[in-house]
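One chain comes next, on its own, written out as structure tokens in the form predicted on its own.
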């Protein structure tokens, strides 16, 4: 069989392309040629596959010319996961019809990196690769054994988790599969254990005292997926509130769970046991994080950043004004569109980023400025103060829906230790009910939450009342709101309505939405959850 074809998947960001690997073994100068725009790691597959085939008890075609075509040839290919498909293709093309069993290859996709001994190593991105294969009608996939559970998350796919090249060939030929040593489960994962996650999971909304307006704002943000800015002196409770927001979010629906798991697979950060993510994620990168780590990118292969790994969850940026200016400017796109596009040379990748972004900032660089000038201990110089505040009042601020200012005095002045407090579970019930109303309203559309609803769709299909719209237009004409800000107030009004269980926004809902947008004190009826 001088020509054989195997299949694998090439990833461009989160999008997978079906690749035909055609192998021709024919008379000619003894050499191995790979064409089809492979990168350096893929070009090295010739040597890895040659040794893997030889050490697995098979014969590399040492007396003929071997040509390997990666088709379509104009698409750049990157990564080491092509190894298995290349090795199987070479073996299938080298079969002696008179004495060897054939190796059928056309109805399956092969994914995995080979060691020199012929073992299969895990690779990042298996889940989106298998999803891409399934969308193109492929129903069988061969993957490294530790990633079989990950591949099996795709419905209708027959998954073969294998340990070695010899096992793959035996399975294809329908003969007894030989034994092979197990593959280390963590060899393809960059997941790190973090004990602080348990602290976040154990926090409860009932722990927070004396900040009812901030608690209500967090509930509205969670219900509609709105971005939020918390300001106030150090010790006011900004971080404590942000850490509890994931707890009031409902479990991920099946579509969100699959999207999020695929993103973490691309990042090489899935736990070894596999399985879908069921709870919304929470990430809080340090303020010295680079734009690449936060938004995505990297050399060789574009990986999703923290903002995409927090998809459908919460990304908390504490001490936000201390982030570098390139990070601040780069956040504009994902906060507006819910996705981030990374371009590196010839590769362009788009990742979803529809999580809540919660920003926190002190009133000044030192954090000692207070509401009462007489009690303030701030010694910041005016130029430093202006630089700090500029990041909170620039174009990025217009893309944040809710602003709340917390005071360090709130907890002990307004807190009643004996008053009943709402638990995280109680708030999550209301948030879940509000999101269910949004799911019914936006059924069949490309967005799920109020925060993602396009402005034109809101105006045409879900408008405010005539008086409320006239008032909102007046705010824009008088320069107190931008057009973008008016759209975000419109979205907030619908979220407040959904939390209250009403059919359409009332004038009082617009009052609360404007107060949330501007950081003004909330009407008392909002804090009492008035219907």
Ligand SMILES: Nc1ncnc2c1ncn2[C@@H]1O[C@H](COP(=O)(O)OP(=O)(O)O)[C@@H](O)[C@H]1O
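Just so it is clear, the model here is predicted, and its values are computed rather than measured. Residue numbers count along the first chain shown, from 1.
Note that the form predicted in complex with the named molecule isn't included here; everything after this is about it.
By the criterion of a heavy atom within 4.5 Å, residue 208 is counted among the residues contacting the named molecule in the model of the complex.
Heavy atoms of residue 81 never reach within 4.5 Å of the named molecule in the model of the complex, leaving it off the interface. For the chain shown alone, residue 423 is not a contact residue for the named molecule in the model of the complex, no non-hydrogen atom being within 4.5 angstroms. For residue 321, no non-hydrogen atom is located within 4.5 Å of the named molecule in the model of the complex, even though that partner is not displayed. Contact with the named molecule in the model of the complex, judged as any non-hydrogen atom within 4.5 angstroms, is confined among 236-244, 162-170, 423-431, 455-463 to 236-244.
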